[in-house]
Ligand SMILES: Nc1nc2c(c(=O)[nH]1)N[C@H]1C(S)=C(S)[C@@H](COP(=O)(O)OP(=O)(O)OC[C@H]3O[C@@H](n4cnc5c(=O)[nH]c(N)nc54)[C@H](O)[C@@H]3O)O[C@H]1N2
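Take a look at this single chain, the form predicted alone, given in structure tokens.
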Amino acid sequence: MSADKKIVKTIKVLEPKEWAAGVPAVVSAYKNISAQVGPIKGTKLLSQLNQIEGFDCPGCAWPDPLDKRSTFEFCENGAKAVADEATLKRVTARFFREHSIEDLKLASDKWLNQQGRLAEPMYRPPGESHYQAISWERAYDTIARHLNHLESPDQAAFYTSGRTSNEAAFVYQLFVRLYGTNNLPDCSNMCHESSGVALNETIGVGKGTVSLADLEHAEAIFIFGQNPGSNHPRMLSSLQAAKRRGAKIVSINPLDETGLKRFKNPQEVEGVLGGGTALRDLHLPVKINGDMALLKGLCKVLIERDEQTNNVLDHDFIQQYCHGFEEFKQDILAVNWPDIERDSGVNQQDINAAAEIAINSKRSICCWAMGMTQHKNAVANIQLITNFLMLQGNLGKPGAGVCPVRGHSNVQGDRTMGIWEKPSDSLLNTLAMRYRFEPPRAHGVDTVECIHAMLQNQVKVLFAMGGNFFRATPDHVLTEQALANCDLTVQVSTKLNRSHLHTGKAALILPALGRTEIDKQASGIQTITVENSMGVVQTSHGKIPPASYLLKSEVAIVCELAEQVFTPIPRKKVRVNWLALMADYSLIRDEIAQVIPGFDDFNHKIDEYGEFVLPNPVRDQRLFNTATHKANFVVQSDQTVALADDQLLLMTIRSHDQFNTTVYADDDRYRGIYGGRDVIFLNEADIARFGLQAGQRVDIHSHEKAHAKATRSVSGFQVVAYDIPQGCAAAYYPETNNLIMLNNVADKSNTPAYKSIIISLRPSA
């Protein structure tokens, strides 16, 4: 086979870039789209990306402007995602005849993705080494037989990725609950679950409370654990607009990422010929997992300054809308600066400087991403962010609020539609009334719990609607065993990935339409909708013919499967006219309007406006639907990670040339890495302390806790000297996912702690 097997080669390391975007981003975008689609077709396709009558980007969930959109309303990474989906390459039955599953396991993730679009349904019978073609009818029959022969519906789990549309997500959760289980793990469990848990406890809503206009009119923006230059590049335009209006921007992150240093907007002359716009005013190089200490330091400065002047805190807001302030205040005042500096890695002077920016701001926003949500104490981190904002009344007013930045285009919409293993009683009661059945009430399994359940033979069928379950999850040793325990695994996919190679005893690949493709059903061409990071529901219209006549939409796959599963059970079949919903998605939106709050007149709104903003009680009314009916200050105990002398704390990161688990190239232009991904970023002092040298290859061993023996290892990673705090290390996701033990999860949210891995290093043999 021609797959590029792992070859150890020297990776080229240059100085990190000092600015983001500019001409190189434009060149990269058009180079990718031209190579995959062709220059003329590709340019036309990009002109329709993120437009009202165009299609929503299949990449990140950053919102589009509500009023006036640019002609080029996309970023470099969005263009790569579109090129990747619209590629002219195809993976057919012939490919699978030529490549065994074991051979494909030797290929890199990049090579697998580069083979092109999946073109027809494929089936791996038990014991066979190759996938073989299968008809859709036989595929549905295979799934239905497995599902209908389980002893309990809870022996099946139904995973969802953030690419799924609102319409597909709604019929999917309805099918699963009619089938009889709440086993709906999803990608949220692995990214922003900590945000939802934290925000629901503190302010009563699991979403952000700001709009794009709020971000651009804030006076201070604090960005925690986020790399927008690579992961949400269009955010840089919003930060630029805020900066030009006088906003101060503070970056809090172990790495001083290029995208927050300086932005060259490629749609401006200054961005092409000039020096661009300096973004961050202050960077705080917090240690990995040192955010809690840093946030306590910020709160301490605000509270102590207010005791002196009585004009820093918003006492009216605290008295009228908040609960638990006095206990929080005493806890913050009791913490001492030596502990704050030691645990955060940031000196008091710099924390004071950041606090001064907050004090001088009447409208502040805090943004964050996975750098905050993927620690054991992630929920506590985010609650401290919220409490920091509450001190100055920065909730429910223009230009202020919380802004969790989601990483996939409809991951927030999936949850809104009911994709959740812990559904509310309100949702279940509404479903019961609307469809005349008693939905399951017991909580289902989240992603990590699903792996445990498969290991214990409690889940025997895994159906994955998109995503790359195996590669995205932690502890590949146990995850591979878990999947192998299943009787059947099903992947609804657009491209080949590693989850097609680590399967149950039998496996199916069901090829789906992509976001860019025309979705034609019995009633005509269909429109779908998604919800972005700021609660805006918008339409998406596919523009190019499907990659294969054998592709089906996710809605069609769910509805046809439901029809097949429920055929032997007439009492379930009559509740929903699945084939009518498949034929006309507007009927699905009518159902959503009856079930999901905020979606009244759904079809009318999107027909007239193309998009609409969902209600948000905190933003709109300063209404806090918490147990206390107020915004809650929460006292957090310190949870620093103990390390032995020969250990470091590792966080996983993404490169500039990837989206989630999809790797487009082996380069990371902003960090100066070219020709490989097996690198580990270390502080020069740590390199010397361990007797290593830059460029040397090391094996990385993970530990459950300090002084515990090694549990998982990855080998042959090149040492790169980098500006990262001492005692910290960084390496790319998903190559280092196997280092994360399955029980290394965040308290309350159960999110894998991808950003808090205790490691030791040994020179490679």
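These numbers were taken from a predicted model, which means no experiment stands behind them. Throughout, we count residues from 1 along the sequence that is shown.
Only in words, not in the display: the form predicted together with the named molecule, which the text now covers.
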Of Ser211, Gln658, Thr181, Ser540, which one comes within 4.5 Å of the named molecule in the model of the complex, counting heavy atoms only?
Gln658
Within 4.5 Å of the named molecule in the model of the complex, heavy atoms considered, which of Gln155, Thr87, Thr662, Ser361?
Thr662
Considering non-hydrogen atoms and a 4.5 Å limit, does the named molecule approach Arg654 in the model of the complex?
yes
How about Pro254 - does it come within 4.5 Å of the named molecule in the model of the complex, if we only consider non-hydrogen atoms?
yes
State yes or no: in the model of the complex, is some non-hydrogen atom of Asn737 no more than 4.5 angstroms from a non-hydrogen atom of the named molecule?
yes
Would you classify Tyr733 as touching the named molecule in the model of the complex, given a 4.5 Å non-hydrogen atom cut-off?
yes
Indicate whether the candidate residues Leu147, Lys460 and Leu561 are all in contact with the named molecule in the model of the complex, with contact defined as any heavy atom within 4.5 Å.
no
Only one of these stretches, 300 to 308, 157 to 165, 435 to 443, 417 to 425, has heavy atoms within 4.5 Å of the named molecule in the model of the complex; which one is it?
157 to 165
Quick one: which residues from 181 to 195 get a non-hydrogen atom within 4.5 Å of the named molecule in the model of the complex?
Cys187, Met190, Cys191
